[in-house]
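Just one chain is shown here, as structure tokens, and it is the form predicted on its own.
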Amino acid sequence: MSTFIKDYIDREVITRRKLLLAGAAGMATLAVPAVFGRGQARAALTDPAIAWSYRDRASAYWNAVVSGGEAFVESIGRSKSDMVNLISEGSSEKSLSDIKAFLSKTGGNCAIACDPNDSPNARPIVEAVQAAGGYISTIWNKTDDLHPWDFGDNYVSHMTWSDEQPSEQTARILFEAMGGKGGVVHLGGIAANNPAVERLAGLQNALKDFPDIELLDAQPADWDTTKAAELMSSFLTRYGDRITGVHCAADNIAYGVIEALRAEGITDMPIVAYDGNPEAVKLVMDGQLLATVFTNPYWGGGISAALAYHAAIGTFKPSEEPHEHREFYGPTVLITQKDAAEFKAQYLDATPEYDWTDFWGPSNGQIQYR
């Protein structure tokens, strides 16, 4: 049901810094010292292979992430087909296995961008990359005790998005549309995923200010449209007309919810979502969704690959960067019906040309832990 993101945010002028760093990227024999393992010196890598490890490309969100990675690869003079796609299919075991195979094939001469699929899987992935002498940047999922600066230069960076507050905003929009009373159900992502945890927490925060709204149920839909449709059907069977609002952890989940509601002849249920995919933005414009949240996955996918690659070739030394450059939040934009058309024109109808050496430009500060 989802469609592919192909166009994004406003064009950016290539800066002198980009030209200088692009020149550095082409100096395959650059002998800038880096840190290998914990404290062992090694030269920068020569012409490293580049890979993106991710769930799949079936959703608009992940297609945008990978498209950003491909755009970065093209910016350094390679073909986008030179970027290796390591598709985990939602399996942490496959994610780790594929990365280990890639490390073996390249002899560690590689730069990897990765969503580890779930938080516990991040550590064995990072340890494998460090042991092989490769470089990796991760997004979304890692445990709170895992930090790039504990792995020298090889674990370049981690980016996530501060989902709790935007999710709380969407919940408040939902509750207002429900008239401040009734029953709400939440359909989430994979239970061990950081964004799934934070997006549910945002809903729970908002509930504190709405005592007349009851959370009837909250279950994982694993970021999957089909599972979401099945779960919503089961909610309708169990709770019936007690459900007066639906809080979705992702746009893909909302598509399944809408499908299940339509099967029951329900077309006016208040629903909110998350991700800002093109189809979801259109649904907001049409009034079928109240709100969604955009995280600019295109930029996230490109900059994660860029960080790993430029660290690998020695353009910059991660261990010399401040902590806010190694663990940071990506940008978020709340989209409602009143601004959806403007958002579409600015973010979706323009062809992006990012400065992929402006590593932290749109980022949103250092990750905070409770």
Partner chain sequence: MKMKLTRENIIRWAPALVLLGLVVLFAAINPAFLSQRNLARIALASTPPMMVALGVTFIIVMGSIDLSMEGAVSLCAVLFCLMFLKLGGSLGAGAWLAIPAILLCGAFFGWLTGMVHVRLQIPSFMASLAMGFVGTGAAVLVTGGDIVRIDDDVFRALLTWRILGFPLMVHIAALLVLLAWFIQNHTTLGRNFYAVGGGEELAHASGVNVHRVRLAGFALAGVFYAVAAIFQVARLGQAESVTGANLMFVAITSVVVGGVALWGGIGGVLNAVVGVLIVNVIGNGMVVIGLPNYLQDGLLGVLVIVAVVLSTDRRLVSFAK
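The shown structure was predicted, so the numbers you read here are calculated from the model rather than taken from an experiment. Residue numbers count along the first chain shown, from 1.
Just so it is clear, the following notes concern the form predicted together with the partner chain, a form of the same protein that is not shown.
Counting only heavy atoms and a 4.5 Å cutoff, which of 202 to 210, 250 to 258, 142 to 150, 171 to 179 contacts the partner chain in the predicted complex?
Among the listed stretches, the partner-contacting one is 250 to 258.
Within 4.5 Å of the partner chain in the predicted complex, heavy atoms considered, which of Asp82, Glu89, Glu264, Glu93?
In short, Glu264.
Please identify the residue among Pro220, Gly108, Pro297, Gly245 with any heavy atom within 4.5 Å of the partner chain in the predicted complex.
Only one option qualifies, and that one is Pro220.
Contact with the partner chain in the predicted complex for Ala196, defined as at least one heavy atom pair within 4.5 Å: yes or no?
Outside the cut-off, so no.
With the partner left out of view, is Phe235 within 4.5 angstroms of the partner chain in the predicted complex by any non-hydrogen atom?
Looking in the predicted complex, residue contacts with the partner chain include Phe235, since a heavy atom lies within 4.5 Å.
Indicate whether the partner chain has at least one heavy atom within 4.5 Å of a heavy atom of Asp224 in the predicted complex.
Yes, Asp224 lies within 4.5 Å of the partner chain in the predicted complex.
Is the gap between Leu231 and the partner chain in the predicted complex 4.5 Å or less for some heavy atom pair?
Looking in the predicted complex, residue contacts with the partner chain include Leu231, since a heavy atom lies within 4.5 Å.
Can you tell me which residues in 268 to 285 come within 4.5 angstroms of the partner chain in the predicted complex, by heavy atoms?
Residues within 4.5 Å: Glu279, Leu283.
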